[in-house]
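Below, in C-alpha cells: the form predicted on its own, a single chain.
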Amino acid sequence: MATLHEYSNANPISKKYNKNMTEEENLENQDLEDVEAEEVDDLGVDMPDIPLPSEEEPEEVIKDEFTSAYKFAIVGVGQGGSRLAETFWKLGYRRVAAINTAAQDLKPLKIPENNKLLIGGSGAGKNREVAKEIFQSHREDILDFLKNVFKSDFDRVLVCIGAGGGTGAGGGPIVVEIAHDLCESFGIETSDFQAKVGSIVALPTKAEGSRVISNAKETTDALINFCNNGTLSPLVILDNERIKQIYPRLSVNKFWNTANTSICSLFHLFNKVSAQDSEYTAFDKADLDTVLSSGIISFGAVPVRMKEEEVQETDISYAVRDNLKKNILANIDVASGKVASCVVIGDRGILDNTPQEYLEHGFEQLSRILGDNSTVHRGIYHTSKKGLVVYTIIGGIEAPEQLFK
C-alpha cells in the first residue's frame, strides 16, 4: 500500500515548457495540468464548518482587602442575615452575597447589585413554610448564583441567617444545604461530614412577638441538628435580647449596627490574627481550624482594666472571667466547651513589662473554666493601640436545652 508521502508524489504535475510543442499546445497542456492539480486538491478531506472552542480565559480572581487564614464566602439570607453579610463586606470581605424574597429588603444593602438575588418577589410575610417552598423551588437558581458570585477560590462558606423573619427562618437551612452542594462541586468538601459550611444565626428580641419566636426556635433547632450530625460548623448563635440587656440605651439604628459589628468583627479578628506572625506566641491557622470545626462556638472580648499603671497578677484572669459573662451570644454554658483560643493583644510597652506568669495565669483560668480534656490555644500580639485586650473563642459547646425563656 502506498504511503501518504508516496501518494502525494505520484503522477507529479510538471509545468516545464516543451520546446518541441507550439505555443498553443503548451498553453493547452498548462490548462490540463491546472485541472489535474485541482483534482488532486479535491482528494483532500472536505472539512465541515465546526465551531471550535476558544481558548479558556482565566477565571476572575476575587480578593479580600486583607490577609487572613481563611477565604470565607459569605451569604446572607433574609433581612437580618443580609445585614450581617453587608457588615462583612464593610470589613473588606469580597465574596459576599445576599438572598431575599422581598425587593425592598435587598435594595438598601451596600453591596454590588450583582451580589444580590431576589427570588419569589412578594416576601414571605413571617411565614416560614412559604419561604421554604420558595427556596426549594429555586435551589438550582441559588446554586448558580452562588457559583457566579463566589467563583471557586474560597475555603469555607458562612451562611448568615435572621431566624425570626419568614425568609431567613424558612430559607436559611436550605441555603446551608445548597452551600454544601457548592463546596462539593468545587472539591472543597469531599465527604458529607467534612463540614466547610458554618452559620451565624441571629435570634430576635422578645418584643418581636410569638410568631417570630416560633420561627427562630424551629430554625435554630434545624441548625443545631446539622451541627450535631457533623454537617455544620461552626454555629454562632447571636442573641439580640442579650444585646438589649448589655447595651440598654442604644437607638434603633445603633442597636442593629452594634449587634452585627460586634460578632462580625470578632470573627474577622481571629481570621486575621491567625495569619500573622508573633514575636511572643502565635495563634495559627491550625489552631483556628480546630475551633471552627468544633460545632457551636462563642466569642468574647474585654479590655484588661488595670488598677495600677502596670498589669497586676490577677488582672488578666479577671478579664477572662468577665469576658465570658459579657459576650453577646446566646445564653449558653461555655463551661461545656471542649476547645478554646485566648488571644491577648496589647501595646508593646505593656507587653514588655508584663511578666509571662501573669499571662499564663489568665490562660490557666480559661482551662479551669472548661474543665478536663479541654484544649486552650494561645496567642500574644502587640499593636500600636494603647491598652491590653483579651479575646476568646470557645468551641465544642453543648447545645442549650432552652434558648427562649
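Sequential numbering from 1, following the sequence displayed. Predicted model, so just to flag it, every value in this text is computed and none were measured.
Below, we turn to the form predicted in complex with a small molecule, even though it does not appear here.
**Q** Is the gap between residue 166 and the small molecule in the predicted complex 4.5 Å or less for some heavy atom pair?
**A** Because a heavy atom of residue 166 falls inside 4.5 Å of the small molecule in the predicted complex, the answer is yes.
**Q** Looking in the predicted complex, any heavy atom of residue 76 within 4.5 Å of the small molecule?
**A** Contact with the small molecule, no.
**Q** Flag residue 303 as yes or no: does it have a non-hydrogen atom within 4.5 angstroms of any non-hydrogen atom of the small molecule in the predicted complex?
**A** Taking the distances in the predicted complex, the answer for residue 303 is no, it never comes within 4.5 Å of the small molecule.
**Q** Would you classify residue 260 as touching the small molecule in the predicted complex, given a 4.5 Å non-hydrogen atom cut-off?
**A** So residue 260 counts as contacting the small molecule.
**Q** Which one, 291, 124, 197, 97, lies within 4.5 Å of the small molecule in the predicted complex by heavy atoms?
**A** It is 124 that has a heavy atom within 4.5 Å of the partner.
**Q** Given that the small molecule is left out here, which of 256, 318, 247, 280 has a heavy atom within 4.5 Å of it in the predicted complex?
**A** Comparing distances to the small molecule in the predicted complex, the residue within 4.5 Å is 256.
**Q** Quick one: find which of 77 to 85, 110 to 118, 227 to 235, 308 to 316 has residues within 4.5 Å of the small molecule in the predicted complex by heavy atom distance.
**A** Among the listed stretches, the partner-contacting one is 77 to 85.
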